[in-house]
Structure formats: structure tokens, C-alpha cells
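Just the one chain here, laid out as C-alpha cells, in the form predicted on its own.
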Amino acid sequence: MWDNIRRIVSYFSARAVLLLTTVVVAVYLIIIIANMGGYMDKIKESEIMEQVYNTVRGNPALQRLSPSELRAILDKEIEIAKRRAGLDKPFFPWRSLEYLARGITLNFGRAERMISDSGSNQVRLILLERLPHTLLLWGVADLLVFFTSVFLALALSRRYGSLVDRVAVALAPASTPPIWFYGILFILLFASVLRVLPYGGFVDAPPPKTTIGYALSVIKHMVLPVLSVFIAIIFSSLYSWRTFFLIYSSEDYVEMAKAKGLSSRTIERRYILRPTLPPIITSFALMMISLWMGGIVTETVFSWPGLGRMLYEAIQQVDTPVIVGANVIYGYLLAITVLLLDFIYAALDPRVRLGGARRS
């Protein structure tokens, strides 16, 4: 027993180290790209020079100085400002590695232009304010899509070739348009024409004072974005997962189970659903990650105050620390998702080996 536990711990520790290494490399590449390979230093130096020029030249006491004395003061103030901004050291390798260490430890420093709702310019606080909104929206949408798809795909596999099955297959191309396309369509229909749902946002303004009223307001604002995600994904998921179920339902061991007289529900649960769950969960997890990364446009369309909209605003304002911080959070979410997949495989598939241990 202890030997198996040691092997499992060793396996997942190795997996965690590998994923952390991948995150470190990805974060470093993000830092280089966000800083344009160090070109952002020149932009920041130009901004510093402009600010110092305006400050020094706007001081009447310095207007009596000679050009050489004024130039010496300007150069001194520029050097002090550059040192304060950390631009006195080269971007490669020193400052890029400092940014990497701070990014891995989630110490992103101060934002250059953005502030949190509480008025702080700490990137960590800005991210922590937006992260729960993103997890709430996409968590609800993903769980709704997953359980609905599994239930309906199983039902369709039982009715292969029926009218309902053919209609579901015919609707698979409806998942081609992106989520934001359905978002705009639903906003026009339910918010603009029918006026039964809000255009966007997180809660009514002013927010309800009671807890129940606040929760109902949030749910009301979630309906359209969740519905957009659901419609944009459900038909393709039904088509692919129904195919998985059909493939496994024709295996020999399923026919053997039928010959033994097992009920259809037992056969479906033990011999069809369980072996298909690992590939289904894999495809669902990868889909979920792509949804998070594609949430920038969706959250912006619905004015949802999550990481996606925050990243869009940071890109518009060229706020490098916030851009790096948001991508680091996405990287950690990706690594955690992949690590959880290993646990799920171990729980669902008895053929999986952990650390060299053969499951019996």
C-alpha cells in the first residue's frame, strides 16, 4: 500500500514539476513578447524624458539658468527617473529574469495605467477582483455544457438513426460561429427587441441591497453569456460525444454483457460511459481552456468584468504588467487543468499506470 502511495506521489510530483517548467518557459516568452523584446524600454524612456522636460521647463526658478546648467539638471532628473523605473539595467538578461521571478510568484508589482475598483494600482489586486467573475461565468457555462452534452449524447446513441438523431447531426455546423456572434445576436433579440434581459454587466445599477436580490441580479446578467456559450458548443459536443458512445457500444464486451442479461442502464454505466469518459473529459478540458483564452471578446461584448475584459483593456492601454499578470494566471489555470486530468484518468480508467504501478 505504502509503495503504491509513494509511486503515485512520485508520479504526480514529476508531472507537477514538468508543468511548472512549462509555465516558466511560457511566462518568460510572454514577458519578452509583452515588452516587445525590450523595445518597451525605449517607449518608457521617451515618456520619462517628456515628463521631466515638462516638469523642469514649467519651473520658473529654472528659467534663469544657462542652457548648459538646464541640460545638466534635465539629465540628472532623467537618470533618477530611469533608476526609479528600473531602466538603469538592461532588459536582457537582468530585468527580464526579475520579471520572470516576480511573475512566477504572482508578484506583478504596480500597473502602469489601470487601477482596481478599490482604487489600487497593484496588479495582484486588479487580478483578484476580476478572477472570481471569470471563474463564475465560465465555470457555470462549462458545467452546463458538459452534463447536458453527456446526458443528451447518451440519449442520442440509444436512438441512432432516428429523426432526433438526424436533426442533432444536422445541427452540428451551428457550432461553427464564435461565441461572441451568438452573444451579439442574443443581445439584439432579448435585450434590444424583447427587453427581457440586460445588455450586459455583472449586476444591476445600483446593486440590490439584499443577498438574494443581488444573487438574482447576477444570475439575470449571466443568462445571455451562458446561453451564448451553450449554443456555440452544445451541437458539436453532441455530435462528437455521441460518436464516442456509438463506437464503444459496439465492442464485444458490451455484447457479452447483454448476453449475461444485465440491464441496459447497467451496461450503459459500466461498459459504455466509463471507458468513454477519459477521452470525453480530455476534449472537454481542452475546449474549456480555449474558451478561457477566447473569453476576451465574449466578456467585452457583454461588459462582463472578468479577466478577459481586463486583458482587452490592458492591451488597449499598453499596460504591460497587467498583460503579463493576466497571461500568467491563464498559464496556471492551464497547468492545473492538465494536472487534474491525470487524477481523473487514474480514477476513471483502470488501465492507467501511475509511476510504474500497474492497476489491478
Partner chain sequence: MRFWGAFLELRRHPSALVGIVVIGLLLIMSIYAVVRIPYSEAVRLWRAGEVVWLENPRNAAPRWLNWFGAGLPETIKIGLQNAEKAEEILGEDTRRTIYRLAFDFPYTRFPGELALFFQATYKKIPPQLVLTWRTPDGREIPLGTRTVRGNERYVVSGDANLLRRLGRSAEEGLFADLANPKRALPGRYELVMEVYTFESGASLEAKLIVYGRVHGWAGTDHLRRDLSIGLLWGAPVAVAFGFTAAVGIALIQFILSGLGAWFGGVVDVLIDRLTEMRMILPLLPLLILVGMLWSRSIWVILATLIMFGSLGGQKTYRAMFLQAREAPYIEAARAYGAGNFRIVFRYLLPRLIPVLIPGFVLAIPDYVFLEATLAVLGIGDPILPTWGKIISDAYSQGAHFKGLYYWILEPAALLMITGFGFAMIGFTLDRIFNPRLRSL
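These figures come from a predicted structure and were not determined experimentally. Numbering follows the first chain given and starts at 1. Definition used throughout: the rigid core is the maximal C-alpha set that superposes within 1.5 Å between two forms.
The form predicted in complex with its partner chain exists for this protein as well; it is not shown, and the discussion that follows is about that form.
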Quiz prompt | Exercise: residue 290 in contact with its partner chain in the predicted bound form, heavy atom 4.5 Å | solution = no
Quiz item: For residue 173, is any heavy atom within 4.5 Å of its partner chain in the predicted bound form, or not?
Solution: yes
Quiz item: With the partner left out of view, is residue 301 within 4.5 angstroms of its partner chain in the predicted bound form by any non-hydrogen atom?
Solution: yes
Quiz item: With a 4.5 Å heavy atom cut-off, would you call residue 331 a contact of its partner chain in the predicted bound form?
Solution: yes
Quiz item: Even though its partner chain is not shown here, does it sit in the predicted bound form so that 118, 136 and 215 each have a heavy atom within 4.5 Å?
Solution: no
Quiz item: Here the chain is shown alone; which of 230, 239, 284, 202 has a heavy atom within 4.5 Å of its partner chain in the predicted bound form?
Solution: 239
Exercise. Only one of 143, 85, 184, 101 comes within 4.5 Å of its partner chain in the predicted bound form by heavy atoms, so just point that one out.
Key: 184
Self-check item: Interface segment, criterion being heavy atoms within 4.5 Å of its partner chain in the predicted bound form, picked from 173-181, 145-153, 263-271, 101-109
Solution: 173-181
Quiz item: Is any part of 6-23 within 4.5 angstroms of its partner chain in the predicted bound form by a non-hydrogen atom, and which residues would that be?
Solution: 15, 18, 19, 22, 23
Quiz item: Relative to the superposed rigid core, does the CA atom of residue 84 travel 2 Å or more between this form and the one not shown?
Solution: no
Quiz item: Would you say residue 231 moves between this form and the one not shown, meaning its CA shifts by 2 Å or more once the core is fitted?
Solution: no
Self-check item: Cα displacement of residue 192 between this form and the one not shown reaching 2 Å, rigid core superposed
Solution: yes
